[in-house]
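One chain comes next, on its own, written out as structure tokens in the form predicted alone.
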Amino acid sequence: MIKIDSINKMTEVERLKYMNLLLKGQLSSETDVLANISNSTAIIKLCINNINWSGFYFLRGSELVLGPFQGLPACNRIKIGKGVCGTSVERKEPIIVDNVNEFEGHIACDENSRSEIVIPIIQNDEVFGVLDIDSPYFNRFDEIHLKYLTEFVSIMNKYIKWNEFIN
């Protein structure tokens, strides 16, 4: 059982470490990929304060298609190279955006989002999608978030064979 009161008393770094620990527990105890991806979004929402959206987009042909998420309804499809998610896939690298209004071509699914972090899901040098997290606050994400969220995706890569799930 997850004790929310305990999480609320943790520092930001403690919460991020705990987030990855919860993810390992989830992935090691369940084999259904969809259940694992769905719960991973809930784990992020639980452990990272001041966010309004966390979820996944998966590569289908030449565009990203919405996967499990926590938050308001989102854009269903994003073309590669468009918005923060599509740009992350195109570059094969994570992106932190302190102010989404200053990111040329930003796709606003939730008008309340002010900052964003996107981590590409890359396994065996192939991109399968992205982990996308938005915040209603400017400058919400930093190098610490990048470190732990990159680790989060790496943990997922150890348990999920993306090529079997996506194709």
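Throughout, we count residues from 1 along the sequence that is shown. All values derive from a computational prediction rather than experimental measurement.
Only in words, not in the display: the form predicted together with methionine sulfoxide, which the text now covers.
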Name the stretch: of 108-116, 37-45, 121-129, 22-30, exactly one has residues whose heavy atoms fall within 4.5 Å of methionine sulfoxide in the predicted bound form. 108-116
Can you tell me whether A74 touches methionine sulfoxide? I mean in the predicted bound form, with a 4.5 angstroms heavy atom cut-off. yes
I'd like to know whether V89 contacts methionine sulfoxide in the predicted bound form, with contact meaning heavy atoms within 4.5 angstroms. no
Heavy atoms within 4.5 Å of methionine sulfoxide in the predicted bound form: does F141 have any? no
Select from 51-78 the residues with a non-hydrogen atom within 4.5 Å of methionine sulfoxide in the predicted bound form and write them out in sequence order. W53, Y57, A74, C75, I78
